[in-house]
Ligand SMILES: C[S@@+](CC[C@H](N)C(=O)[O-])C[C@H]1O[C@@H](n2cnc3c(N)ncnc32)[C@H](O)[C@@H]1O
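Next up: a single chain in C-alpha cells, the form predicted alone.
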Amino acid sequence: MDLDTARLTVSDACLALAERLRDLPPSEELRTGERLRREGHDGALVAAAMTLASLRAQARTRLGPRADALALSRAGLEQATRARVAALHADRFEEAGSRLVADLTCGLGLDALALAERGIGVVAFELDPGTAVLAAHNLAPYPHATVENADSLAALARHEVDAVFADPARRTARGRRHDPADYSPPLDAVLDLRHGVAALGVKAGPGLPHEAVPPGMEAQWVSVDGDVVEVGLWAGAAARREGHAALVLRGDEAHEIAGDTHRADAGDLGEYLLEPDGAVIRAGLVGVLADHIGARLVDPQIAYLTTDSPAATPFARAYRVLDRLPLDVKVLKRDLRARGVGRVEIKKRGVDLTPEQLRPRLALKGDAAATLVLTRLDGRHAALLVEPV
C-alpha cells in the first residue's frame, strides 16, 4: 500500500466512516459511495473507508472480532496469520520466557499483536512504509510494542532481543515464490539467527521442502479446518521437539501427531479408505499415522490408507468402500446412472484426469449423491465409489 493511502486509512475520519459502513452489502457499495460523495465526503476518503470496511468483513472469519478494529490492506490480509494460529505462535514464546521478540517481517502486525497481548515486548520491522503505518496503528494500544520501517536484518543489531519471529514474504507482483532462497528475507539468513537468540520461530509456506529444514529444528505443519496454512520452524526454547509434526485444527479441537518420515507398507484394498489430512501428508507422517491405526497404503506412491475395520482418527477422513470400478468414463457413467446419482464429489490422487474434466463427461441424472475417488491400486488406475463414515 502506498504511504498516502495508508495514512488516509488510519485517519480518524476514515476509521469513523469505515465503522459506519460495517456490514454494507456488496450490492449497495456503488449506491452508498455515490451518496457519501453527494454528502460532501472526499472521494479518496470514501474509497479508503469502503475498502477498509470490505476488508474487515472478509477478515472476520480468520481474524475474529478484532478485525473490526484493525487497519488492513488487501496484500497484507492475504499473508496475515489467522488469529488462532498467531496465538499458538505466541504460546511458544511465552513458554520460552521470551522478554523481547523481534518480528522481522511484521506485515499488518498480527503476530506481533498476539505477542503484545501476552505482555511480551515486541520490536516489529516492516520494510514497506505504507504497511508499517498500518501495523503501527494496529499495535498502538500496546506501549511495549513498537514498529520500525526498516530492513530487519540490517536494523536488528540495534536491539537486544532474546527471541526472533519471521514470516518471510513469499509473493511478488509476478506471483508466489517457491524457492526459500527467494523469500524476503531469504530463509537461510533468518534461520542462521537461531545461533544468537534463545528462541526462534519462522512461518513458511506449507510446500517447503523437507531438506530446507536444518537438523535439530522442529518443523510443524498446521492445517485449519482441512486447509494447510503453514509450516512453523522452531528452534531453541521455542521448539518442543526435534523433527516433524502435524497440527490439525478443526473447530475448537487441536490434535498433533509427530515422528519420523518412514513410508508405510502397501497392501490390498480393505473395506475402508482413509484420506490423511494435508498437514500429515506435508509433514511426511503418513507412515506414523498408518502405524497408529493399523493401516496400509493402497499403493506405494499414493497417500491414501486402507483398513479392514473402522479406524477413528482426527488425522484422516474415513470412507466406506462401496465398489471398485475401472477408471473408464463409459463404465462410470453407466454405473452411476444405474444408481440414480445426479451429484458426485470427485477426489483424485495419482491420476491425471481432473474432476473438472470428468464431471461433464458423466452427464449424470438423478436425485442421489455419491463420492468417487480416482486413484491407483496396485499400480493401476481405478475408481472407488465410497461413502463418508
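On a predicted model such as this, the values are computed, not experimentally measured, just so you know. One rule holds for the numbers: they count along the sequence shown, beginning at 1.
Keep in mind that the form predicted in complex with the named molecule is not shown, yet the notes after this line are about it.
Asker: May I ask you to check whether I302 falls inside a 4.5 Å heavy atom distance of the named molecule in the model of the complex?
Answerer: I302: no, not in contact with the named molecule in the model of the complex.
Asker: Verify the contact flag for A150: yes if a non-hydrogen atom of it lies within 4.5 Å of a non-hydrogen atom of the named molecule in the model of the complex, no if not.
Answerer: So A150 counts as contacting the named molecule.
Asker: Please run the contact check for E275 against the named molecule in the model of the complex: heavy atoms, 4.5 angstroms, yes or no?
Answerer: Result no; E275 lies far from the named molecule in the model of the complex.
Asker: Is there any non-hydrogen atom of L156 lying within 4.5 Å of the named molecule in the model of the complex?
Answerer: The answer is no: L156 has no heavy atom within 4.5 Å of the named molecule.
Asker: Select, from the options 210-218, 233-241, 160-168, 264-272, the stretch whose residues sit within 4.5 angstroms of the named molecule in the model of the complex by heavy atom distance.
Answerer: This holds for exactly one stretch, 160-168.
Asker: Since exactly one of I293, V224, L187, A80 fits, which has a heavy atom within 4.5 Å of the named molecule in the model of the complex?
Answerer: The residue in contact is A80.
Asker: Just one of A254, L88, A140, L127 has a heavy atom within 4.5 Å of the named molecule in the model of the complex. Which one?
Answerer: Comparing distances to the named molecule in the model of the complex, the residue within 4.5 Å is L127.
Asker: Counting only non-hydrogen atoms and a 4.5 Å cut-off, give the residues of 93-113 close to the named molecule in the model of the complex.
Answerer: If the 4.5 Å heavy-atom criterion is applied to the named molecule in the model of the complex, 93-113 yields L104, T105, C106, G107, L108, G109, L110, D111.
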